[in-house]
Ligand SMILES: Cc1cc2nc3c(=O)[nH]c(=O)nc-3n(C[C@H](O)[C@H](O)[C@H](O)COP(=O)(O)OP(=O)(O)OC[C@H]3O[C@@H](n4cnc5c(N)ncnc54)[C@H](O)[C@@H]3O)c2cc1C
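Heads up, the chain below is alone and in the form predicted alone; it's given as structure tokens.
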């Protein structure tokens, strides 16, 4: 008899399953589990510059055999996925999501979207959790448990401590590249001035093992984190899944797409479609944990509770990025050994409204290939190519995330006729104006850091790939909501352990909190089943 069935192998699913398995319960994890589809990969653990100068087949993984890595047309959601990771966005036929104004990227990959994430792990503060029925204090032991489990590097006591809070389980910070070091040095020389304008900067916390941890790493600074996982230093949920699969009380059930559940006396029956055979299967368990992403968990819940055509709220961090030139660094030497992830993290709160603060992340652009910047430079291609070849070491990308809150024009609903999802997402005029105003103010401050913005790129709503809020956690007893303990209202044995339960989205990346909250829901359920 299965005690608990978990749906989804992403960041939420594996960390909800972990405490249940450790408690000795019989746990099955149901997953579509698309794997790497055999796309060409870099040959072994080699440095980016070595590959660029020596590998005659580099075009196969940098551009793709069908040149799918070339950025034709407008920038769209998932543009950061390199050819070796394109399988992450592979869809299945009956999960159609339709929208005229929202680009929803969902993943049926083994490990979910975190199979290709940027690994930034800022925790939520009490300000970020305002309006939630849980506090940072309640989440803290689960942040700590996840940090020990996956390995998180960073520093304590810098200017980001006020945004992150302390963590007793940090690995040594990652080595910054020359652009990141230059920016932080410039910032620290005039920190009081920048604080007066609402800017706080420091080294990011990353799910990156800078020393050997849990059999992974250390990071060798090959600058290839967006292309492969040769040193396994960047955390992927599949690593936790591999550990779970070694436990005798855990079963992994891949190639199965969850459709609906039905509560019965003493348990839950989950209907899945076996993608290998095309047949319908039934899985019986004592309890069910939905952890397949905010949109899919909302879809399954609505279908199972007869709430098709009922609008559900949907949250997504608005996202913009700015290609910038560090003009004050021109001519300076550049350190070759680096990682490809966030080099500097910033929080910008010029009006002292922390709930509206934005998060900015600095990436250097070398390993993501300079040619992708050509059409963003607003120069003729030939001129842009010659210029970029000389100044590529001084380019950064500034990615800017904004918070999001529920609204009457940010909704999804499940179609009764085919079980697909329709999404309508339109921020209010005041939200859009606030976003533009804050970005303009940030760019003025960034200029004082030596950054020259070369343009503003808006990939569209949904492009942050941060989705939440479809079954929000609340103290109020309302249909299609979640209790503070994670139980889906209208059920007795179904729990929500992913972003569907988040009632708001601060500007911070949500994956670390997804893992911590999933650990919390899993531990509480394990405790109740052990009584």
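Numbering follows the first chain given and starts at 1. Note that this is a predicted model, so its numbers are computed, not measured.
Absent from the display: the form predicted together with the ligand. The rest refers to it.
- In the predicted bound form, at least one heavy atom of residue 466 sits within 4.5 Å of a heavy atom of the ligand.
- Put simply, residue 522 is far from the ligand in the predicted bound form: not one heavy atom of it is within 4.5 Å.
- Not displayed here, the ligand is kept clear of residue 261 by more than 4.5 Å at the level of heavy atoms in the predicted bound form.
- The shortest heavy atom separation between residue 414 and the ligand in the predicted bound form exceeds 4.5 Å.
- Checking 153, 300, 224, 314 against the ligand in the predicted bound form, a heavy atom within 4.5 Å turns up for just one residue: 300.
- With the partner removed from view, the residue among 204, 293, 84, 318 that has a non-hydrogen atom within 4.5 Å of the ligand in the predicted bound form turns out to be 293.
- Checking 251-259, 188-196, 304-312, 173-181 against the ligand in the predicted bound form, the stretch whose residues place heavy atoms within 4.5 Å of it is 251-259.
- Of the residues in 495-511, those that come within 4.5 Å of the ligand in the predicted bound form through at least one heavy atom are, in sequence order, 498, 509, 510, 511.
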